[in-house]
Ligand code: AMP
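Just one chain is shown here, as structure tokens, and it is the form predicted alone.
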């Protein structure tokens, strides 16, 4: 089916008219991206929209039809210039000299709430020069997962790209079976990746590397522009942000699944939700991507892969920073990661920082208990947030069973809590503010997908609403706070998921 050319008149779509639309990417030149036409879907319809993401753009109750027209590329603001960006990357450790936006169109940048810059990007919107023989489409199944997880991660307080809305369609898309095409509108301060720097460094185009550095410093890290070596300052900033991000992933049980360098954000955001998952039972070796046969991106290896990817980024900057500077900068990555991990872990366990008190063995033994008993990772922490030092608590919600080892650990924990100030109620409240009751578990996402494929989008909206505030109990959502049935635990998903 041939679609009519999209309308790009100035007043075609009033949805974003009040927003400033600076075209910062135009300054990066034609080497960075190619103009490319959006390929609309047949009979598009709105699945859901995120009020929280809309608020970032100062959009109050955006009109549904205007959203559908925007996402489908039928009616674009004249200031939008759809582009597909080129980059490279290391995929599962192997160098791929050219990649790019194979099914994504960057619409442009807008300034939203408080002057914050947001890039708007459609995913699933058709072929580009970088589709590599693909169809440029995304299916409803994968689009629901990306839409929900983008907003769920924001609810958890983890740096992430966002998702404004999602549309379904009647366009057939062939994967393992014939499915329906869908498009997500993604938002991020920037979609620039490690792979952008790698591409131009590999082509000996340091002029483009300099443009990327200047672009990021000017629009996102202006405080670093006056450093003696701005490139080094940016590299150190990315190292620290990535280390903190890895710690947050680990301690909320998130598994990315495709931590290739082209899926790593230069701003330290979670980006590109392909195969992903949250831990159910605690298994450090859990692999969420069933194509990851060697376990390169297993949960336990994510922090190390973060370092490896940063080393690749450092290599692309070696004409602007010395090898010694790069190595010395990378040496502090593990310090940043450990500091972030320890700080968040102590918060999850309700432990205050006390001079001369060492909690590492208490933390390690807690994780070992979870592993030995195949306990639910997230719900075990949440259950511990209700522990009564005087009366005890069975911790049954996470699946921990009475045992000598558990009793011994709880006694050590009780003695440790007695050393710190504050009431038990204060501790419970603080722990529940960092230990979520709700996560986007695979079986919950699949439930929403199954209903959406039958035309019922209500479960997508329900999940999005609950996951926006995952630390607070929602009335009527007890089923979303339960561990999955035994036959749905530890599911691995495919790249088309």
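Since we're looking at a predicted model, the values are computed, not measured. Numbering follows the first chain given and starts at 1.
What follows is about the form predicted together with the ligand, which we do not show.
J.: Partner absent here, but in the predicted bound form, which of 240 to 248, 95 to 103, 334 to 342, 398 to 406 has residues with a heavy atom within 4.5 Å of the ligand?
T.: Of the options given, it is 95 to 103.
J.: Among 179, 135, 74, 77, which has at least one heavy atom within 4.5 Å of the ligand in the predicted bound form?
T.: Checking each option against the ligand in the predicted bound form, the one that comes within 4.5 Å is 135.
J.: 272, 376, 236, 198: which sits within 4.5 Å of the ligand in the predicted bound form by any heavy atom?
T.: By the 4.5 Å criterion, the partner-contacting residue is 272.
J.: I'd like to know if residue 280 sits close to the ligand in the predicted bound form, meaning any non-hydrogen atom pair within 4.5 angstroms.
T.: Residue 280 lies outside the contact set for the ligand.
J.: With a cut-off of 4.5 Å between heavy atoms, is residue 263 one of the residues that contacts the ligand in the predicted bound form?
T.: Contact check for residue 263: yes, within 4.5 Å of the ligand in the predicted bound form.
J.: So, in the predicted bound form, is residue 81 in contact with the ligand at a 4.5 angstroms heavy atom limit?
T.: Answer no; every heavy atom of residue 81 is more than 4.5 Å from the ligand in the predicted bound form.
J.: Should residue 427 be counted as a contact of the ligand in the predicted bound form, where contact means heavy atoms within 4.5 Å?
T.: Judged by the heavy-atom cut-off of 4.5 Å, residue 427 is well away from the ligand in the predicted bound form.
J.: Just to make sure I understand: among 154 to 181, which residues lie within 4.5 Å of the ligand in the predicted bound form, judging by heavy atoms?
T.: Residue within 4.5 Å: 175 only.
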